[in-house]
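Here we start with a single chain on its own, the form predicted alone, put down as structure tokens.
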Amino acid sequence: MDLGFRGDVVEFYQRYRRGYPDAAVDAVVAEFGLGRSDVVVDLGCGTGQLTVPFARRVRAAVGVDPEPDMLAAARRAADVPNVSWVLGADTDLAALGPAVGPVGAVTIGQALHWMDHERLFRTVHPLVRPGGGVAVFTNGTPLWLQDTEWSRALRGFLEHYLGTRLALTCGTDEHTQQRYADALNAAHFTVRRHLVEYEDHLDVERIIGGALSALPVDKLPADRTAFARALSEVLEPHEPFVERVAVRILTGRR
């Protein structure tokens, strides 16, 4: 499946996609007892927002993504030596697993909604060491689906621009979280929920960049300057742009 996360989208993704707070990564490290003997595989790694923090805490990390442009950007930006970047998808995990041996964890950051999660969890179980497991991160509600005036203004602008209603929660809603938890239980994992909350103060540039990072490459505006100017005019009456970020992590421990 071509998701369109390539070309110019990668620049926006790398520059504006929010990273993960240390407390969220450390919660998974503690849950699985990860240390310097462990390998972590990060599926749908994008430009490495989750891969790199884990690499700093374990022996090695493997970032897996189906988009070569994402991996190329991740490789250029990574400031740690113990990461391997692999072209592949969640469906390749069964073949990858034996090459890296029993792993401490398989992580998925805000990408599980693109995957067959039930099949994935069944595949992960025999690949992780006892006490290890799978961790599913959602990095806050999408910018255009929040309960603030500026978010509603952003949603209205994007829906008009795209000509469609925006409702995909990217796995952050409670119903989807419960489906993931049920699937982890069915795959014989012990499930726990973790929550890290904080407040972020955005500016217009970050909101625009965040929106562009979520568009497939064929939907990017031809005139980016005009797009930014028009969206700025829509957003500015609703300052300040305060975001209450809830990072939810589902862990399934073997």
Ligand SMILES: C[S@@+](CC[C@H](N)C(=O)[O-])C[C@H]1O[C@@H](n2cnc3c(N)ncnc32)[C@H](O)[C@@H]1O
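Sequential numbering from 1, following the sequence displayed. This is a predicted model, so every value here is computed, not measured.
The discussion below concerns the form predicted together with the named molecule, not included here.
The contact with the named molecule in the predicted complex, taken as any heavy atom within 4.5 Å, belongs to 111 out of 74, 83, 111, 93.
Stretch-level contact check against the named molecule in the predicted complex with heavy atoms at 4.5 Å: of 193-201, 222-230, 24-32, 64-72, the positive one is 64-72.
Remark: residue 44 counts among the residues lining the named molecule in the predicted complex, judged by a heavy atom distance of 4.5 Å or less.
The closest heavy atom approach of residue 15 to the named molecule in the predicted complex falls outside 4.5 Å. Not displayed here, the named molecule is kept clear of residue 153 by more than 4.5 Å at the level of heavy atoms in the predicted complex. Within this chain, residue 115 lines the site of the named molecule in the predicted complex, having a heavy atom no more than 4.5 Å away.
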